[in-house]
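Shown here is one chain on its own, the form predicted on its own, set out as structure tokens.
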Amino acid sequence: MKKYIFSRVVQGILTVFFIATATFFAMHLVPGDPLMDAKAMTPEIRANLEAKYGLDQPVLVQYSTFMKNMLLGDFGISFTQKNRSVNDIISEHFPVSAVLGVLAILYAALGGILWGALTAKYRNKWPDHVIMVLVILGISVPNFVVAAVSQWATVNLNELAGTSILPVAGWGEFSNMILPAMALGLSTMAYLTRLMRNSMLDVGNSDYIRTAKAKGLKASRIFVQHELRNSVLPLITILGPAIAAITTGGFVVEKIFAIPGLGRYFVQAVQQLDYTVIMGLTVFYGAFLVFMVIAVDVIYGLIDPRIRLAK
């Protein structure tokens, strides 16, 4: 198991290295001037700004500096936000995105298990057909469209009720988290529902299920202790990437619901060509995704030793 964990960690480190390298050179290939919005741009001021941010150095020197600083956990200073480092932006606003992501993944996981089990239980009956149509819609419709439609529907519902049943923007109260969490987790819930349905159908045709039925066990006990319990295991393999995808995929949703997470700063950085913020957040989220994948692989390796790559 130690060799397996070590190999996965090494692969993860190499993956983060390639993410950082690709991000750095991709940003330097993007046309534009990161200092174009600076005021009173005299040659002297521009030279001072370029020296401050290291833009007067050759690209390979900038790359070497970037990688050294990244290894030390320093992503640099924002070009557009005065005297504010990328590390400060991450430490202050990632917890908001993380809370939203956790709520969205809980909603997606619980809903996916429930609806997937129902579709398998009522296979080829009307509940199965209705839920699977909704699953296709959930997978097909982007989360920002769901967010906008849910806001519009909630505004009309509040007007009909004559009171604010749910807020449509802002952050701080649990009620503010409900709509964005649902909008963000809907597509993942739809995918988990489909996966859970297939897993339930496979488990239902297993020999040990037929043996349990032959022994005369109650149908409810077979469903809960054997079918449902064993069908959930395959979902573990995608929970890590799903958590990371939901947490990092909420940029536009955060913008729509005016949530002070990292999404706002990433969108602003792209609009303003803020190199350090874009590269820092991309590498941070890439490393977070890799970490979650490794964590899920290790957990699954503990649960099912057959998937281990090394003895």
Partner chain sequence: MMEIELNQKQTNSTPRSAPAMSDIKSTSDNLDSFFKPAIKQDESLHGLSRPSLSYWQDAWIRLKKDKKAISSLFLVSFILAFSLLGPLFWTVDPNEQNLNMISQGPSFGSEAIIANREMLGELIVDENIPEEPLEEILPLAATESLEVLGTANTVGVHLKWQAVPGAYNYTIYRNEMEPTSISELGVPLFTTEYANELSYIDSLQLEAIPYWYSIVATDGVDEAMTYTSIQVTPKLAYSLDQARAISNDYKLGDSISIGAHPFGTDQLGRDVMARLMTGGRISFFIGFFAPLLYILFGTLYGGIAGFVGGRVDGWMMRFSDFVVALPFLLFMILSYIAFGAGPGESGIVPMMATMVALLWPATARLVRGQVLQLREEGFTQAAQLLGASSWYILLRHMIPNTIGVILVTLTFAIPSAIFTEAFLSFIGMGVAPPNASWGVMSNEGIATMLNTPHELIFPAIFISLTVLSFNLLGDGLRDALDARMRSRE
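Heads up, when I say rigid core I mean the largest set of C-alphas that superpose within 1.5 Å between the two forms. All values derive from a computational prediction rather than experimental measurement. Residue numbers count along the first chain shown, from 1.
Absent from the display: the form predicted together with the partner chain. The rest refers to it.
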**OP:** Indicate whether the partner chain has at least one heavy atom within 4.5 Å of a heavy atom of Val298 in the model of the complex.
**Re:** no
**OP:** Look up in the model of the complex whether Phe266 has a non-hydrogen atom within 4.5 angstroms of the partner chain, and give yes or no.
**Re:** yes
**OP:** May I ask you to state whether Val224 is within 4.5 Å of the partner chain in the model of the complex, using heavy atom distances?
**Re:** no
Subject >> Non-hydrogen atom contact Phe144 with the partner chain in the model of the complex at 4.5 angstroms >> reply: yes
**OP:** Could you tell me which stretch in 212-220, 145-153, 171-179, 93-101 has residues with non-hydrogen atoms within 4.5 Å of the partner chain in the model of the complex?
**Re:** 145-153
Subject >> Contacting member of Met67, Ala258, Ala47, Ala26, with respect to the partner chain in the model of the complex [4.5 Å, heavy atom] >> reply: Ala26
Original post:
Counting only heavy atoms and a 4.5 Å cut-off, does the partner chain in the model of the complex sit next to every one of Leu114, Asn158 and Ile165?
Top reply: no
Subject >> Residues of stretch 257-274 in contact with the partner chain in the model of the complex (4.5 Å, non-hydrogen atom) >> reply: Phe266, Val267, Val270, Gln271, Leu273
Original post:
Does the C-alpha of Ala22 move 2 Å or more between the shown form and the other one once the rigid core is lined up?
Top reply: yes
